[in-house]
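Only one chain is given next, in structure tokens, and it is the form predicted on its own.
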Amino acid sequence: MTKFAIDFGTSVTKIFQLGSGNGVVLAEATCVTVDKLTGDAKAFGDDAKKVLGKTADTEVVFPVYEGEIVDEVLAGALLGYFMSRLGRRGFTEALFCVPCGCSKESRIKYLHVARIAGLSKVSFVEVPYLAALGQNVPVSESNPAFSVDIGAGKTSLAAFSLDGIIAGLNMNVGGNNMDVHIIDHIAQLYNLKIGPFTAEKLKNTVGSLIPHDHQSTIVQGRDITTGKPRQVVVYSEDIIRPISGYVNTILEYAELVLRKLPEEVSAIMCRSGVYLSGGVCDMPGLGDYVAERLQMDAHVAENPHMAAVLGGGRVLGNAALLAKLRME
């Protein structure tokens, strides 16, 4: 039986295959292009994302929005395409990495998508557990951890042990929200309109929370006044405000979760710190920024993009752990 751990993210889908040569076997955009006239899917994954903002008769669709499946048919077609790429055969077991507190209604959508994609057996485990396990954080019934996973569309954060989540929440704030505000900020600062793909690239290239960081890149867009193409040089410090604003929002909620903890758990958190994962956590200076704000050590995953799906692979390979952590 083939087994996969699947992180079906807003921006990127990651898949871990269990078996000989365990590891992440796919990481591609959660994206489909659809013919506007016929409604037929034309391209999937990275091939679909390449045409974002560049088409006339083709619509670019993201079937997962802010961590929720919003188009089950296209999501199923996309996941089925990925499965076919991986050469899936016969009975297939899948573990989905889902947001903290994922509702029954959301899990039903995942089940529908899994059926369309041809998956036979499905389990669900919440991201805070998986992100910590993917970083090899020592967690047990008596040794809780505090995990913050900042994805493209959602942030899941929780203090938990293997006995359950002590306090946690899920919020519709992530890297894509930063992109939207970077677009608005560049428009105000430079009178230049840029698209979402350019904003994402700008964030990933020079986005930083290091004070007075002078990294720079050239950005092309459309002059708002003249309508003509134009380019400008953008520095890290030019976009620190929209980035820090969203990180501050996430940390406000992290502080709310920390305030709900019993005293003994708070003492452990004080010693162990917070474990950070998700694509945004690649940003320079984020770990130090979080540590200063929360007044506790901040540990950034070695590979923050992959922490949750790596944890999914670890759980999938341990039947006892899966039985303990799966959502009923």
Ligand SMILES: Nc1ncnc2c1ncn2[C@@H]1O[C@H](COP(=O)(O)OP(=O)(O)OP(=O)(O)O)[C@@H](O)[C@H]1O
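Just so it is clear, the structure is predicted and the values come from calculations on it, not from any experiment. The numbering used is simple: start at 1 and walk along the sequence shown.
Not on display, but discussed next: the form predicted together with the ligand.
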Interface segment, criterion being heavy atoms within 4.5 Å of the ligand in the predicted complex, picked from 232-240, 145-153, 252-260, 180-188: 145-153
I'd like to check something about Glu59: if you look in the predicted complex, is any of its heavy atoms closer than or equal to 4.5 Å to a heavy atom of the ligand? no
Residue-level question: is Gly313 within 4.5 Å of the ligand in the predicted complex, judged on heavy atoms? no
Is Ser123 part of the interface with the ligand in the predicted complex - any heavy atom within 4.5 Å? no
At 4.5 Å between heavy atoms, is Lys203 in contact with the ligand in the predicted complex? yes
Check each of Ala301, Cys31, Val280, Val290 and return the one that places a heavy atom within 4.5 angstroms of the ligand in the predicted complex. Val280
